[in-house]
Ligand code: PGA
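The chain below stands alone and is given in structure tokens; this is the form predicted alone.
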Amino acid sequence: MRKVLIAGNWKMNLNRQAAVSLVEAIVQRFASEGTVDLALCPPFVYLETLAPLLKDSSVALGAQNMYFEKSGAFTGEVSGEMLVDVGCRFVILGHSERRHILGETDAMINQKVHAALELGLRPILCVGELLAEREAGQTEAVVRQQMTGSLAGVSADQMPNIVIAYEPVWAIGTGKVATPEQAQSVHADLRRMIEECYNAQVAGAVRIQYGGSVKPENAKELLSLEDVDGALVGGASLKVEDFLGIVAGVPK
């Protein structure tokens, strides 16, 4: 049985005091559960501050991005070794905001995936289509291209260490959310793609999250879907009641 992963992507939000208060509240109220993994992905500048608060808890620390080189003259970048050094266990890669705003390609994301796996970091690999692509019936083709490009050269043994996050770009931060039928359909397609590239055992082991305006009000329905193994949560992860309300929606 795949263990549900709820991950909070704080994006470029909060200050130090608010970040500490949020983490302390989540750690205090979230007891380790056999069916749920929890991860928080704050901005880079707060990782070292928050790591000690999470160290002995059941909540994992994650980052929102990384560069694929170990070190060097890459001004403004952060390496995977640095993330491991401060206690990160997860790293979000290929988020649509990095693909569409900052121009990251599948080839670049692929390099990051390999660099993360080499260091023992668990990538949360994001895929998803634009509204125009969905309306043109291109969803499957778009996510297939993103998957195959971003996962090129990843072995069957490595795949269970990767989390796939399906985030329809049109639902991120818009208040819109894919219907349960839309979400399940794409998640099932993604699992079939993994089976085609690897095998049924690998496909059955890989966790596939849903992301895109996930809230306590819709979490239970989404998380009850057969191929949805958790949520990558944006805005709702910035408020303890909302974030833990989503966690409460995980089927027992």
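So that there is no doubt, residue numbering starts at 1 and follows the sequence shown. As the structure is a computational prediction, the values presented were derived from the model and not from experiment.
Separately, the form predicted together with 2-phosphoglycolic acid exists; it is not shown, and the next lines address it.
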| said: Counting any heavy atom within 4.5 Å as contact, can you tell me which stretch out of 171 to 179, 114 to 122, 70 to 78, 135 to 143 lines 2-phosphoglycolic acid in the predicted complex? | reply: 171 to 179
| said: Please tell me which of 184, 57, 213, 65 lies within 4.5 Å of 2-phosphoglycolic acid in the predicted complex, judged by heavy atoms. | reply: 213
| said: Residue-level contact is defined here as any heavy atom of the residue lying within 4.5 Å of 2-phosphoglycolic acid in the predicted complex; does residue 167 satisfy this criterion? | reply: yes
| query | Taking the shortest heavy atom distance, is residue 97 within 4.5 Å of 2-phosphoglycolic acid in the predicted complex? | reply | yes
| Hey, in the predicted complex, is residue 233 touching 2-phosphoglycolic acid, heavy atoms inside 4.5 Å? | yes
| request: Could you list which residues of 1 to 15 come within 4.5 Å of 2-phosphoglycolic acid in the predicted complex, counting heavy atoms only? | output: 9, 11
